[in-house]
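In the block that follows, a single chain appears as structure tokens, in the form predicted alone.
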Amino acid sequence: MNKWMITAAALLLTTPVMAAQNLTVWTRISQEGAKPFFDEFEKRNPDIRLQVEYIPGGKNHVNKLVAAVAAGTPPDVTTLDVIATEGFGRLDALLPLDDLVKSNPNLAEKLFPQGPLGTGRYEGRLYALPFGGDGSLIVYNKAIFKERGLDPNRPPRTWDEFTEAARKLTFSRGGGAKPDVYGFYYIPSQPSLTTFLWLPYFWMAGGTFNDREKMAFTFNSAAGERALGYLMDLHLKHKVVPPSAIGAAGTADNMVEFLQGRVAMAFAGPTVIGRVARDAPTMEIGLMPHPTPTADTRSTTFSGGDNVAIMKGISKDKLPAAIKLMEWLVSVEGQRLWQQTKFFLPVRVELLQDSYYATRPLEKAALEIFLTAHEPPVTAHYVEVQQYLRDAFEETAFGLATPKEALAKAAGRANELVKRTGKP
């Protein structure tokens, strides 16, 4: 590594930003979601011009960035899906930030939640900082809670309480044998169920997803069986999940049943707030964190969203401008723009106390949940293992395998992949 890369913090102090400096920036975030950040930065820094390329679709962005790294023509700065950060750290394509954040109070680690901050690490080094946050949660219909005698202001907090509530919320308004309202909704064929939605239950049960030193996936554990068993029991044992969800395609819209009042609770993310406001404006909803195995277990969620990174190939004269851009993107003033665009949640801890949230309880609840987030597993095989787990969830949901059998099969496939590639 070049010496100047190691001492990026010192360069910020000694190298002035050149007049009319140009920076190239790539992002997978839409123009609607990210453009206000870059426009405001240019307004505040007229001596720095940004050439921003919006690359829709996470895979499109990653594939193009990989090709650019291989060709030696990467951008200067990029945002990255949190699960893609590992791959570019492994490629040695990102500028290490450890020295910089230690010396720069505007980028200090203490400014960010620990889970989201962990998504920027690879093999002990920090390569990216949180930029926009996302986390899974549960949305519920307050009117149906009231209809069934449940307090909508006191949603269930433990697994047992959640099961009991879901059973009460599964009923027939006409008194028939078949329910026309179900307590809970998830689709086993959705890949997101296996990570964004299930992993919080796995972590709360004490699970460790993989062991990079031993080059092995470890989700086929007692914790894995317990977490998968809990979710599948809601369907197989307690019958609180509509049968139509079990056979639904992985691309199905899991919010339709909720929006039309046929289910009382559903997995979701923060964007559900805007979706309900648009498609079911008279519906009063609440947001709850994932229920916990026991009352003394801390709830958590999946730390999704995007990081911001500086590419290792950046020229020496552009580095101060890139650092200035990074400072703006993660600043309190910059992070407030997520309140405007709604694409992601802010990643700065102190914004939970911002006056904006005093009159927006749903947005505040979503941010509170995100601040508890657990970083995703670090693996070169995230996409493939997600598919293996999706297959395991389907088999379990259809009664073709027990959670133990299904997870053992998925872990076997994942570990074979590690052996073939030599990558953890």
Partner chain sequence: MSVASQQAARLRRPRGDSWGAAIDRAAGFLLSTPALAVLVGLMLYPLLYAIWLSFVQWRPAASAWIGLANYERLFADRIFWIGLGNTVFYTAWNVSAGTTLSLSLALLMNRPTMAARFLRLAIFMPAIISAPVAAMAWLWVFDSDYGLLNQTLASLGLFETPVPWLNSPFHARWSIVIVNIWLGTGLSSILFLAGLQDIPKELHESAMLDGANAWQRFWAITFPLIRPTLLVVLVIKLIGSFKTFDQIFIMTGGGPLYRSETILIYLYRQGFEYFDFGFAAAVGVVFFMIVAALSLAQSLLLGRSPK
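Positions refer to the first chain, counted from 1. Please read these numbers as outputs of a predicted model, since none were measured by experiment. Note that the rigid core is defined as the largest set of C-alphas that superpose within 1.5 Å between two forms.
The next section is about a form of this same protein that is not shown, the form predicted together with the partner chain.
> Specify the contacting stretch among 380-388, 356-364, 22-30, 35-43, defined as having any heavy atom within 4.5 Å of the partner chain in the model of the complex.
Heavy-atom contact with the partner occurs in 380-388.
> Under a 4.5 angstroms heavy atom criterion, identify the one residue in 280, 246, 285, 181 near the partner chain in the model of the complex.
Only one listed residue qualifies here, and that residue is 246.
> Which listed residue (302, 186, 203, 88) meets the criterion of a heavy atom within 4.5 Å of the partner chain in the model of the complex?
Selected residue: 88.
> Taking heavy atoms only, is residue 419 within 4.5 angstroms of the partner chain in the model of the complex?
Flag for residue 419 set to no.
> May I ask you to state whether residue 59 is within 4.5 Å of the partner chain in the model of the complex, using heavy atom distances?
Yes - in the model of the complex, heavy atoms of residue 59 and the partner chain come within 4.5 Å of each other.
> Just to confirm, residue 69 within 4.5 Å of the partner chain in the model of the complex by heavy atoms?
Flag for residue 69 set to yes.
> Evaluate residue 225 for contact with the partner chain in the model of the complex, applying a 4.5 angstroms cut-off between non-hydrogen atoms, and reply yes or no.
No, no contact at 4.5 Å.
> Though the partner is not shown here, which residues of 335-371 have a heavy atom within 4.5 Å of the partner chain in the model of the complex?
The stretch 335-371, when checked against the partner chain in the model of the complex, contributes no residue at the 4.5 Å heavy-atom cut-off.
> Superposing on the rigid core, is the CA of residue 240 displaced by 2 Å or more between the shown form and the other one?
No; that C-alpha moves by less than 2 Å between the shown form and the other one.
> Just checking, between the shown form and the other one and with the core aligned, does residue 365 shift 2 Å or more at the CA?
No; that C-alpha moves by less than 2 Å between the shown form and the other one.
> Residue 64: CA shift of at least 2 Å between the shown form and the other one after core fit?
Yes; that C-alpha moves by at least 2 Å between the shown form and the other one.
> Since the Cα separation of residue 215 and residue 66 moves by 3 Å or more in the model of the complex, tell me which way: closer or farther than here.
Farther: residue 215 and residue 66 separate by 3 Å or more in the model of the complex.
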